[in-house]
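Have a look below at one chain only, the form predicted alone, in structure tokens format.
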């Protein structure tokens, strides 16, 4: 869907919630197997709807890498006899915004519309047309492929993009999460219109759909809407055909690039989103590299030695085990020294864990900032989508603070020792003297 690849929207109409307000998530499954997550809220006359599918790039075959992203991008580029221009104009006429998300695990469509009957009904009918009747016109496909190829050429000039792709390939090889989400020039050239149709029919199925709804709508109307969505989709469920969890042996890649700074990434395959170690690792990493100026990596690499402006670490839990990543940018001549300090900092943290004071500060920061994560309908929608797709508990938002507060020093030390091995990490360095 062109640039509409992210959950955030420039046209967001925010609804402020009181701190720690409970989010009442209602859940049911349609007869077609679609899982529905609904929050009823009549405070503002807006409705947000999203439909997500396990249709991300990790499920592709390597030789047709890019078909998932291209299929998703073209859903609203011609559907139900309407051209891309006609679809965009009709959404604009009723003040609605069609968005989308495309990731390695999932692909989805989102809609923000006024809840007044006329505008809502027109916008929902258009969204259903996009979801149910995409046409993937040949001429538009050629245009979209050319656009993606131009973007890929641009990425070849950016060391950060080069490092990111090389990092995932180092961890997963040419499979699953190791595949570039947008594909490559070679694989895009192999993709035909029939490949898009086949991917849509196989991956955008009612039995796999996660429907998230929040806003000014009754439960009865939400049930009817979810049913309308599910009935018009390809029926049944898709089979899992690929995995992103087959980790490769650790490697070190040095890629020469004419840049003043080196981009350094280091990490390994770590955890899935459903993993029981999620909260100990999440809270512990806030101390290690996720807490900004309060984190150890930034203190050691920047504050004490001035090697980099930014240095960080984070876990990327996905449907299959995703990476633990440490990243920084530094002068070419300092890349090896900065990498050494980062590795030593991680090793020391794995061996010792945080202090009691660090853990207390991390919990205060995380719990204190959480209300800002659910202070709008669209932010809650993002959580609904994740809760549904990754099958998290319905009480996830209400329990989040308790889960953070309940993490102990011993849990963090135990989880990091089992999950993170500083001597078993792949390294990617892209810069002026990386070779």
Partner chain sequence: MHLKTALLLIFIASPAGAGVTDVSLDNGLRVIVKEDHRAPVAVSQLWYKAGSMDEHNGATGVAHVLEHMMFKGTEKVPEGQFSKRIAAAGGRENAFTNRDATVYFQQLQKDRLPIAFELEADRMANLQLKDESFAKEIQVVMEERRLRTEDDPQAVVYEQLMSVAYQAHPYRRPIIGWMDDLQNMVPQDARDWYGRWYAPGNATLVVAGDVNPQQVIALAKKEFGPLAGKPLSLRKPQEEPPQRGEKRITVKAPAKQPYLLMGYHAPRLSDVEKDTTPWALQVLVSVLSGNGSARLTKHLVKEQRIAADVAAGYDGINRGPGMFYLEGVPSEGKSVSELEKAIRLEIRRIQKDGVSEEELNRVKAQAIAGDVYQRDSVFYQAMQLGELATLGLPLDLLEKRVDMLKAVTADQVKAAAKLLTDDKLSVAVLDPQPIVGAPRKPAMEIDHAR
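Here the structure is a predicted model, which is why all the values come from computation and not from measurement. Residue numbers count along the first chain shown, from 1.
Keep in mind that the form predicted in complex with its partner chain is missing from the display, and what follows is about it.
A single residue from the set 274, 303, 355, 237 has any heavy atom within 4.5 angstroms of its partner chain in the predicted complex; that residue is 303. Taking the partner from the other structure, its partner chain in the predicted complex has a heavy atom within 4.5 Å of a heavy atom of residue 113.
Its partner chain is not shown here, but in the predicted complex it comes within 4.5 Å of a heavy atom of residue 371.
Mapping the unseen interface onto this chain, residue 46 counts among the residues with a heavy atom inside 4.5 Å of its partner chain in the predicted complex. Proximity of residue 315 to its partner chain in the predicted complex falls outside the 4.5 Å heavy atom cutoff.
Of the candidate stretches 127 to 135, 105 to 113, 173 to 181, 216 to 224, only 105 to 113 contains residues with a heavy atom within 4.5 Å of its partner chain in the predicted complex.
Taking its partner chain as it sits in the predicted complex, the stretch 326 to 359 comes within 4.5 angstroms of it through a non-hydrogen atom at 329, 330, 331, 334.
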